[in-house]
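Below you will find one chain, with nothing else, as structure tokens; this is the form predicted alone, and questions on how it binds or moves follow later.
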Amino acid sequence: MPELVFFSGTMDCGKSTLALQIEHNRSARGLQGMIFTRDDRAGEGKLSSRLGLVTDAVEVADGMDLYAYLVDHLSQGGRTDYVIADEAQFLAPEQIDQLARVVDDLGLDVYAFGITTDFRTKLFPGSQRLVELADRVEVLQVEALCWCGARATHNARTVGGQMVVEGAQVVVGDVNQADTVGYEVLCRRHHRRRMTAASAHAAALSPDVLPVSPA
């Protein structure tokens, strides 16, 4: 039976790499996929991995009907055997509903990849809808690590290396960009303390602030 599968995890856990691997494995067997993405770091209409792999994709715009797009593609003689939706957290809830309809009405497997929560630890609307509708939710097993070495569970937005907790939910950036808006994965403890790798390094270099009694 066709399924809607949601592969989730923090940044740096290999979601886009797995999406590209699924595309490679199926295309190598003669299958043809439709790849949707939105706001990929490589630019419009691209699905890319931080390992340097990249392929073309259909850029999803606001208000785009993914089900209608596929029906139109098929009705014009196009072929689609499966669907990949990367950066699915950026999709609107109604677009997730459309992907579920692709599974149910068109009989196609849909593999969605995305981050579950934003830099404020709040669910992305697209990810929330995927959790509600998906046949399966798979948490990726490649663990991203916090700067302290613990398992990273939270995504942090940084500006100049300093963690921020206010602002628009979607601001496209990349990990470890200290000079502009960037992102970093942290364990829950250091996310709660707003302690990024840069701030931890600065604290380690700071002089001792506690009074020291003379010997």
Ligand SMILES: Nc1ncnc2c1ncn2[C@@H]1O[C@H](COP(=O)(O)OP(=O)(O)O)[C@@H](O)[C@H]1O
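Worth saying up front: this structure is predicted, and the values here are computed from it rather than measured. One-based numbering along the sequence shown.
Keep in mind that the form predicted in complex with the named molecule is not shown, yet the notes after this line are about it.
Put simply, of R26, R50, R189, R151 only one has a heavy atom within 4.5 Å of the named molecule in the predicted complex, and it is R50. Only one of 158 to 166, 26 to 34, 64 to 72, 50 to 58 places residue heavy atoms within 4.5 angstroms of the named molecule in the predicted complex, namely 50 to 58. Within 4.5 Å of some heavy atom of the named molecule in the predicted complex lies at least one heavy atom of M11. The named molecule is not drawn, but in the predicted complex it has no heavy atom within 4.5 Å of T196.
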